[in-house]
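Have a look below at one chain only, the form predicted alone, in structure tokens format.
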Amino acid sequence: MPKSLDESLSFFKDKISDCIKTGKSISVTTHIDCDGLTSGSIITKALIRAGAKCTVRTSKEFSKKIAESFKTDSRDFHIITDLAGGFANTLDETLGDNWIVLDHHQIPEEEKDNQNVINAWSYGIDGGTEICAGGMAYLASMALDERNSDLSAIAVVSALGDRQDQGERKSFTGKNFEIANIAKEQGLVEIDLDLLLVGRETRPLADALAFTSQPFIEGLTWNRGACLTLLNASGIQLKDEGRWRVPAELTEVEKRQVIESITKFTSGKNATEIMSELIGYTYTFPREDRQSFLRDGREFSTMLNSCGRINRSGVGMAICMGDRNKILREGEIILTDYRKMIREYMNVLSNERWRISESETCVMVNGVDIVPETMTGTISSLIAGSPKNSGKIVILRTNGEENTIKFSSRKSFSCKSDINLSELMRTGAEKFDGIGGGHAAAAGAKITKDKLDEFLNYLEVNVVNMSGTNKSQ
């Protein structure tokens, strides 16, 4: 019988208290994306504050090989965040009772009874929309000491990074809503309705519009010249004493002018969908410097994703932990490089049309030799965000390490399919001795190259040729 969330958090506190009292060392292992870096940082900071001896490291995935490596690890106790769904039995075999997983990805039913797995789904919480690993780590940190409530701000970043702002007007729901309100009450975050442009605090308005790829606006996204022409025609003052103005400086009247200009540009085509994506709740961190990329929650989350995706996780972790010196400049450079890489990958995929095949329900994308393994989630999300793919499932594949193929799947905006992508990827991968999982609307899988044709046939049967309401077989 699964425990309640409060009972599980109390169990976590007892485990950590025992480690501290007996001098046991703790290892935190977490994922490389925004949710991984934030959840790992939150729990590590809470452990340090509690006086625990701990270290933290990142991994782009979890596997039996990683679990086996824990056997020879010098640390006594292991906390895993944003990873390890489906590996409870393996962890039991390798570590006995000396581990805990804090996670939100969908897991097999049998894992919900394992007391060492503290997973949102075990307590009737939707881990796809109501809380992420950062939120679970925050709740665990609060169980250790309520003074850790200041870590709520980083949990807000984690939820934005995992795109859990799925409520009305990009608001939060469930536990995310509660955590965001705690951060707001403490003056750590300001929540307002505004234009959702990339780089609200940092980018000149034309650049901000051009770099906004969700929604993808045909003719404007990644086309600075067109954006500059559109904004000049709108009559908005783009400079202030020689300095380019940023979106956060626009008046309410000017924001309406921007909206009207974009609506006219799209000629009504997908205009409603585009506007619903462009206007929503923003999360501003007032204690960060103005025109800093950490001041806007979504830009903060993008910076963390960029660090993990191009193998600079340590930089993102340090910033989450509070480093605001030279490391901040490094983060800014990484973010710039990351965005440049994304543009390059998307341009190649757009130009090499043979890489993309479409059906009524699905878009299959071959990113082999173009998209790095660590960037599959980012690129598949961008493709799913394009209005022309509205209502479809996007599945991207590319090369992985050690003779493997990595798949990333996403449900696009307004996709009504009942297919659970987590189940689809996990079940399919297991059929061919691979690993897979995630969420109903976003999931991944990894298989060996020799099983590629069989896995593609599986996807053909279960997604490409299925109606929008059928489920995987």
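For every residue, the number given is its place in the sequence shown, counted from 1. None of the values given here were measured: they were computed from a predicted structure.
From this point on, the text means the form predicted in complex with a small molecule, which you will not see here.
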>> Residue-level question: is H105 within 4.5 Å of the small molecule in the model of the complex, judged on heavy atoms?
In response: yes
> Applying a 4.5 Å heavy atom distance criterion, does G377 contact the small molecule in the model of the complex?
Replying inline: yes
> Counting only non-hydrogen atoms and a 4.5 angstroms cut-off, does A443 reach the small molecule in the model of the complex?
Replying inline: yes
> Any of the heavy atoms of G428 lying within 4.5 Å of the small molecule in the model of the complex?
Replying inline: no
>> By the heavy atom within 4.5 Å rule, which residue out of I435, A52, C415, I66 makes contact with the small molecule in the model of the complex?
In response: I435
>> Just to confirm the contact call: exactly one of 443 to 451, 22 to 30, 66 to 74, 43 to 51 touches the small molecule in the model of the complex at a 4.5 Å heavy atom cutoff, so which is it?
In response: 443 to 451
